[in-house]
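Form predicted on its own, single chain, as structure tokens, below.
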């Protein structure tokens, strides 16, 4: 009870669902998932992705939530106490430390990218891209990236937005934020879907995403699905463990996490159905444009369509809200630890970690201008690419795999069953088999493939 009083708990199971969904829903759902789906076999890729969500994402997310609720503390202190309770090495606390560090590193560059989206909200609203060509929008984007002072300004605004929520605490800050942000995000997404259906080429967009093109589904595509299923649910970075520590004790973990996974996947699919009809309405645009799809192709499309200024503005508001809901979960694990272990107030903890993340974000800002040259590269890539690859390709999969191994092999079965008491015996045994054998094996496979790919390239 004392642990619960320190931070509080979510007001309801649905608040946890909204918070966890907010953590999971981000730029990856709204840009990356539609793109990789279309490029890797459409409906065939979606089937593989859903299978991966079922056998990797959901079991590990359940494990991370269970560990968090069992420990009722920050990920660092939770893993320390659970390791002692299990009678095993305290080295397992590394899961918590790695999650906190990964969250801060991801927040550092996430804030910069989200700053671009904030900039575009005002640019589109001002009519900057009305009847603009691809070259015009691309020039605007390149000018933004070259102006380090403007990027720092938007980076700072987004970081302050994030800190303002987390400072408020679990109930008044995080809880209130997700209860407002997530319904607004869902409504905006549905509005954009309706716009795509009425003004865009919905048939072409639907076919691009969902035609079963098995000839385009390669083993590389299967591994892409495996990796994205893992990363899209925010696993291995401490966020879900921290959120799980605030979860009401009577909430069933299995049903709750399945709901989160369903909402996260639904957002990704609806985003694709909203984005690609708009892209296909302009035959000159390339749907497989990578990052340029978001910041170049879509502004061109909105600028040439009826109502494009209004719905283009709403689209980038949607992007900003998705990034915001994810960002608040990235800093919370570290804040919780400072409050628990170092007697920080939430205000001072946020200011300290926010300053660290903001300062690291300057490296990402400079990666697109002053530090773009090879003399500033780390292991052959820019500072931004290095931090991105370090977290996504190494820290998160290792963290998720260790969570599965600890929950499946080291935590006492009686303690696990206590936290999973709302699950049926059959569901519990199925989950335990997945988290002990299948999930960590497949994560190791993804990790091994990524390492091999980096070595040969």
Ligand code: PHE
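The shown structure was predicted, so the numbers you read here are calculated from the model rather than taken from an experiment. Here, rigid core means the biggest group of C-alpha atoms that superpose within 1.5 Å across both forms. Positions refer to the first chain, counted from 1.
This next part talks about the form predicted in complex with the named molecule, which is not shown.
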Taking the named molecule as it sits in the predicted bound form, is residue 329 in contact with it (heavy atom to heavy atom, 4.5 Å or less)? yes
So, residue 26 and the named molecule: in the predicted bound form, are they within 4.5 Å at any heavy atom pair? yes
Can residue 297 be called a contact residue for the named molecule in the predicted bound form at 4.5 Å between heavy atoms? no
Proximity of residue 110 to the named molecule in the predicted bound form, heavy atoms at 4.5 Å: yes
Could you tell me which one of 336, 301, 274, 237 places a heavy atom within 4.5 Å of the named molecule in the predicted bound form? 237
Counting non-hydrogen atoms within 4.5 angstroms of the named molecule in the predicted bound form, say which of 106, 222, 293, 209 makes the cut. 106
Which of these stretches, 28-36, 406-414, 51-59, 423-431, has heavy atoms within 4.5 Å of the named molecule in the predicted bound form? 28-36
For residue 354, is the CA shift between this form and the one not shown at least 2 Å following rigid-core superposition? no
Threshold 2 Å Cα movement between this form and the one not shown at residue 227, rigid core reference: yes
For residue 182, decide whether the Cα shift between this form and the one not shown is 2 Å or greater, given a superposition on the rigid core. yes
Relative to what is shown, are the Cα atoms of residue 167 and residue 185 closer or farther apart in the predicted bound form, where the gap shifts by 3 Å or more? farther
Specify closer or farther for residue 389 and residue 229: how their Cα atoms are spaced in the predicted bound form versus the shown form, given a shift of 3 angstroms or more. closer
